[in-house]
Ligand code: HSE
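One chain comes next, on its own, written as structure tokens: the form predicted on its own.
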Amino acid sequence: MAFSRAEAYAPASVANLGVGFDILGMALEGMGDRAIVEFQDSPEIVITDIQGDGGKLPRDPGLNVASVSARALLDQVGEKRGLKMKLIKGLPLASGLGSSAASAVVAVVALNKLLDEPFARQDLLPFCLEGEALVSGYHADNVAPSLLGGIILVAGITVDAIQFLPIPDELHLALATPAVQVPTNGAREILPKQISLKTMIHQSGAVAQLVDALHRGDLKALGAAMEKDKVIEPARAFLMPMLDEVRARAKQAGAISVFIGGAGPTLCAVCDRQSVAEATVSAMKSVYSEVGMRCDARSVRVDRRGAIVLDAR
């Protein structure tokens, strides 16, 4: 069936889940990006509009993650027509919520529909990674969950390196995103280049405990494993305003644990029911309110669907 216009949605995601640097990611429901793509006769990709970014994202199609990912797909299928693209950002930039990944994913999913879906959903991963690489390199810990949904173990950048992990039925999350930006590239540059064998063994064990906890549906063990990071959080903690205070306040409200979402500054609290998640949202937000810092906070669950097509005609 021939389409001339398609619209898609891609959810937010959080990477690492504490101890799983670059190898674990989780899709989040209720927030994400949308894109509308249309064919045009000339071969260029034109970004006609970006909403919700405050004018900060590049309109140059060679520098925008959405258009770079779309170009990779167009080139792969040999499509000579270009695109008009509109991007609606529902995610804050440099927030630790997978904003760039969602933009890359949503453009590719919309374009795949426009092309009458020559690729299965999981096979779109390489095209999404081309855009994501512009801002954070070739790793799929945000792209894969945004594209496919769920909690994902990402052992590489190919489809066969992706493993879906169980989602505990009672898993709820409380998110707090203070009004500061933490660009991914900068957050990566401050990480240690080497770690000791002892630290490597500890970190590997914690990742194994996290995966085991997911398989058993044990939220207390899951939360404990998430907070065992001895490599990434210690290096990045100073970038997260009020991290210790938020963690303490969240636990007072009943949260099991708190971890940094991706590069941050979003902090994610693990909770075992909706009422606790809502109380934790209020508790986390109060920490920032007391110091006069704006903060967006909400309770969410894991997005199980991943990116979806909203409309095609």
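Here the structure is a predicted model, which means the values were calculated and not measured. A residue's number is simply how far along the shown sequence it sits, counting from 1.
Just so it is clear, the following notes concern the form predicted together with this ligand, a form of the same protein that is not shown.
In the predicted bound form, this ligand sits beyond 4.5 Å of every heavy atom of H202. In the predicted bound form, this ligand stays beyond 4.5 Å of every heavy atom belonging to Y9. The closest heavy atom approach of D22 to this ligand in the predicted bound form falls within 4.5 Å. Contact annotation: G262 falls within 4.5 Å of this ligand in the predicted bound form, judged by heavy atom distances. Checking 134 to 142, 70 to 78, 213 to 221, 109 to 117 against this ligand in the predicted bound form, the stretch whose residues place heavy atoms within 4.5 Å of it is 134 to 142. Using a 4.5 Å heavy atom cutoff, none of L91, T266 and R298 lies near this ligand in the predicted bound form.
None of K230, R188, K84, R121 but one reaches within 4.5 angstroms of this ligand in the predicted bound form through a heavy atom, and that residue is R188. With contact defined as any non-hydrogen atom lying within 4.5 angstroms of this ligand in the predicted bound form, T184 is the only contacting residue in 169 to 185.
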